[in-house]
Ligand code: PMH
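What follows is a single chain, given as C-alpha cells, in the form predicted alone.
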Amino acid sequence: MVVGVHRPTQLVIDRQALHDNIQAEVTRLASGCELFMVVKANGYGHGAVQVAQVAKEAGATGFCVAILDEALELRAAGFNEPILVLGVTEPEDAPLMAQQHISATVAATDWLVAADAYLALAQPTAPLQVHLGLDTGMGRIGFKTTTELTTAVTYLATHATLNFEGIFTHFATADSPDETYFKQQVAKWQTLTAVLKERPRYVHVSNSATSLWHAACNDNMVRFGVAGYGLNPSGTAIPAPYALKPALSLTSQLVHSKQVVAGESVGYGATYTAQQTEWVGTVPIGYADGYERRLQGFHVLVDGQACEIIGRVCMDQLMIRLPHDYARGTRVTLIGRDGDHVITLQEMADYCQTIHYELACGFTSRLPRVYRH
C-alpha cells in the first residue's frame, strides 16, 4: 500500500511522550531488572523502527516482536540489542534466527527436536537462543506441566545448537481489579518453575499491566508494551501509577464544504438525513486507513469544536456536520487536542465497544507517520 503523502491526513507521533513513558517505567524497576520494549505490529501502529530508537534512548535494553519478519526489520535497521520473537516460528527458520542473534519462543519439545536438525545441517556460528513459554492460564501457547517442561529443559541441556536463554509466561488478567485469576496464574508459574535446577539469563512474566500494578512479579525483565505508547492497559478500570502520555494523534483537513437543506441525505445507505439547513464538511480519511466504519455518530474537532460524523464512514472519506462554513484546508483533529477539547483513543474505543490496542494497530500504512519532539 502506498503512503498518502499527497493528502493532508497524517498520524503524528510524539517522540518525547514515548521517551517519557518508557523512562518513567525504567526508573521504577528494581536494580538488575531490564526493560524490553514491545514493538510488534509496527510498534502498535506508531512505527516499529522509530519507537525502538526512542526506547533505546530511554533505557530499553532489548525488544520483543510477534513474528520473525519484525525482528529482521529491526536488525536491518541496525539494532544489535537482544530481540525476542514472542510468537511461534517455523523450525526451519532456526538457522536464520541463530545467525541474526534473534531469540525464539518455544512452546513444545518437538519444536526443539525439529529445529536442532536444521541447526545441525546449517552449523551456524552461534547457538539459537531459546525462551521457553509456559501456559499458566492464558491458554495460548506454552508448556502446561512440569513433565513437559522438564523434558524440554533436559533437551536444551544436551544439545549444543540450542541455548536456554529465558523462560516466561503471560498473564490474562493483570489489568483487572479482580486479582483472583491473576493469583492462580502466579501459583501455576511458581509450581512449574520450581523444577528448574538453574535459572536462565532472562526470567520474565510482566507485560505493561503486570509491571504497572504487580511489580513484585517482575523478576529480571519486563516486556513493556502498550503503556510505553501512553495508553492504559486496563482502559479506565485501574489508574496508572504515573501519568501516561499518549504519543499518537491523527489530523487531517477539510477538502470540501457544502450546505444541505432539510430532507437531503448524506453517505452510503442514506443513513443520515438533514432535519434543517446545515453545513457538511468532507474529510479525506476512511476505513481503508483504519478509521473504523463504526465511528459514524462519533465526532472530530474543528476549530476546537466537536463536529459529529454524519452518514457512514466511506473507504476513503467521511462527512461531518459543521457549525458554519469553513474554508478548505481547515484543520480537523480526529485524535488529539484542539483548543480546550481532546479526543483520545480510549474514547474512540469505548464508542466502538473495543480496546484502544485494536484501533492503534489498525491504522494502515497509507497514513504517513510524522515524528515530532
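On a predicted model such as this, the values are computed, not experimentally measured, just so you know. So that there is no doubt, residue numbering starts at 1 and follows the sequence shown.
Just so you know, the form predicted together with the named molecule exists too; it's not on screen, but the next bit is about it.
For residue 326, no non-hydrogen atom is located within 4.5 Å of the named molecule in the predicted bound form, even though that partner is not displayed.
Within 4.5 Å of some heavy atom of the named molecule in the predicted bound form lies at least one heavy atom of residue 225. Although the partner is absent from this view, residue 207 contacts the named molecule in the predicted bound form, with a non-hydrogen atom inside 4.5 angstroms. Residue contact with the named molecule in the predicted bound form: residue 40 places a heavy atom within 4.5 Å of it. The stretch in contact with the named molecule in the predicted bound form, judged by heavy atoms within 4.5 Å, is 40 to 48, chosen from 40 to 48, 305 to 313, 338 to 346, 25 to 33.
Contact with the named molecule in the predicted bound form, judged by any heavy atom within 4.5 Å, is made by just one of 119, 192, 96, 86: 86. Taking a 4.5 Å heavy atom cutoff to the named molecule in the predicted bound form, the contact residue among 188, 256, 214, 140 is 140. With contact defined as any non-hydrogen atom lying within 4.5 angstroms of the named molecule in the predicted bound form, 357 is the only contacting residue in 348 to 373.
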